[in-house]
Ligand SMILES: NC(=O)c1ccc[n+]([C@@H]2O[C@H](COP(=O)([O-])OP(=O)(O)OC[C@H]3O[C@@H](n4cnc5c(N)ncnc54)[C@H](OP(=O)(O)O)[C@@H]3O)[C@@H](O)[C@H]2O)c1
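Quick heads-up: it's one chain on its own, the form predicted alone, in structure tokens.
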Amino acid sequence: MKEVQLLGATGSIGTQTVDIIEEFPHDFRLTAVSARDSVSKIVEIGKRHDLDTIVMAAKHRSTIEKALPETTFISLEEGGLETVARDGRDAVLVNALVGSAGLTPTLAAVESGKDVLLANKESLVVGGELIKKAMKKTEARIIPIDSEHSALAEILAGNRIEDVEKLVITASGGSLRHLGKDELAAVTPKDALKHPNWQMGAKITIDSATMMNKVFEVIEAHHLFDIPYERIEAILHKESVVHALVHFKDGNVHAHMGAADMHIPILTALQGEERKPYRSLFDLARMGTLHFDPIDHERYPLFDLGLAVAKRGGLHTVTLNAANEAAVGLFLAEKISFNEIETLIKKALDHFQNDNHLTLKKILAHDQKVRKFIEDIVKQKVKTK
């Protein structure tokens, strides 16, 4: 039985991971979970599973210890995420956290030799170089949960990476794809959170609408598969049926197709080499026509900007990610407009210099500087109104 530690257990990916574990109770055992404040959901999970460890904000200690006295509580403030990531070497770590907060536990797990099933793409966006160095030392693996990267891994299994001409990942275009750029100024968070195909968390849904999510996925593919940026493409595909394609040097093109259901890549990551039986809602004949288009670079300006930053690498990618996280948070809080996400990211990239000599300490410190820079701009704007 495979032991599973789950960071971000109450979010979209976390909840669906619990679904899969409960569907295959003889194959997987949930041993540790984390969340920040979703006490009732964690208690429910704890009552259904024989958990060893729960990580939450310290203020919830008494409530959790009373409800689940047999389970060890470690607070986030005490470094609970990193503790779980380093403990239980025979377990796999599912990192379903949102944002750069996922980097430290990903790195800790890989340094300890533990395989990481990664939904937290920001780990590789801001710390890909550090993670890959650690992987070489310990031979730990990063197994992608993102639908596109899971699809690429499925296609590449049994093939030689040197035979690959290019990788292609698809993008739905997001919740606002029906709007022209001049119509985006009036968009509300409620509008932007209505993704047409996928059930996702708030932050990733907004990233999908700006196409920043696709930038992060290109960076992720670069690190996961050791392919240069020049040989990774993204195309628009509004139906989200084809998740990725691989062009091989001999002219063959392999495409991965499937339902827009994140349970499938989660199960794929968990199951290893033995394929488990799982319901399929996929019926290509009923779907009819599929559409593919190049990305409209005027409509999605952050895509080109993000790729330019990715190619420069270093601390600039940390600036990009931190500015984006801060700006998206401010938009969701209705403190800025949708179009100001792009404006704030550009201001941060113009303000902070790059540095290609990265350490974890430097990344974490810079992340906080960028967030404060963005927040200060918005505060100043409010004062001058």
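The numbering used is simple: start at 1 and walk along the sequence shown. Values in this document were obtained by computation on a predicted structure and should not be read as measured data.
One more form of this protein should be noted, the form predicted together with this ligand, which is absent from this view; the next part is about it.
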Legend entry - Partner-facing stretch of 164-172, 232-240, 96-104, 308-316, counted where any non-hydrogen atom is within 4.5 angstroms of this ligand in the predicted bound form: 96-104
Legend entry - Non-hydrogen atom contact Glu44 with this ligand in the predicted bound form at 4.5 angstroms: no
Inset, instruction - Give a yes or no for Arg36: in the predicted bound form, does one of its heavy atoms lie within 4.5 Å of a heavy atom belonging to this ligand? - result: yes
Legend entry - Distance check, Ile13 to this ligand in the predicted bound form, heavy atom within 4.5 Å: yes
Inset, instruction - Consider Gly88 of the chain shown here, and say whether it contacts this ligand in the predicted bound form, taking contact as heavy atoms within 4.5 Å. - result: no
Legend entry - Listed residue (Ala108, Met262, Ala244, Leu117) with a non-hydrogen atom within 4.5 angstroms of this ligand in the predicted bound form: Met262
Inset, instruction - Name the single residue among Ile204, Leu267, Leu176, Val84 that comes within 4.5 Å of this ligand in the predicted bound form, judging by heavy atoms. - result: Ile204
Legend entry - Stretch 122-159 - residues with a heavy atom within 4.5 Å of this ligand in the predicted bound form: Glu122, Asp146
